[in-house]
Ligand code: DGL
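Shown below, as structure tokens, is a lone chain in the form predicted alone; questions about how it binds or moves come after it.
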């Protein structure tokens, strides 16, 4: 493959822009094609079969744009569809999930108890629990579905008293007591990371997937001699359903203005 080909990044909406932004900052020469499936968000409330169908179609779209790598910047999608996407497309593109880089990071630590907060779909899949049980069986992993956080963030309510009350309500659950680390297993959650760190008074390591995933992308591209080393990277951003609110919310997730292009792939 040509190293100048873009990296495809997709999510159920625009939360995956946190991952795209981390990739851009680490690898500024890389071209990026982003797809947000805003017509079907949130994936966290969908069945595994529905998520797999969406992911296959989105991957085909990104492959039509000649992507050398596809980053599944959604924990629900990574949990439900990563293996099937490899089965379908591993000869045509490299794939990176948001789950494995975070699991690898935690498995190399000396944590004793780790919490995971995520959507219902991610928690139901037990992706983190099962992978950490295999990679680091000494770690006690506890999970909590936090379904209100994604719509709260997407609606812009992540900087007021309402958000603090919802975050406190979730984090005060008995399962999340006495943690060494808390994994933010949704690409929306970096936007409330400071709130969560404040709740734990900086005594718990709060870890999101953006930077670990960007480093995993860099490593895999190096291993396959596909790092782009010339020019300045360009980005294109597609959504399956455009609204003005999505356009406005992208500024929360990405560090510059983004122009969204609506495209129907269904």
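Positions refer to the first chain, counted from 1. Keep in mind the model is a prediction, meaning the values are calculated, not measured.
Separately, the form predicted in complex with the ligand exists; it is not shown, and the next lines address it.
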Go through 70, 217, 33, 41 and name the one with a heavy atom inside 4.5 Å of the ligand in the predicted complex. 41
Answer among 115 to 123, 101 to 109, 169 to 177, 132 to 140 for heavy atoms within 4.5 Å of the ligand in the predicted complex: the stretch 115 to 123
Please run the contact check for residue 150 against the ligand in the predicted complex: heavy atoms, 4.5 angstroms, yes or no? yes
Taking the ligand in the predicted complex and a 4.5 Å non-hydrogen atom cutoff, the residues of 52 to 84 making contact are 74, 75, 76
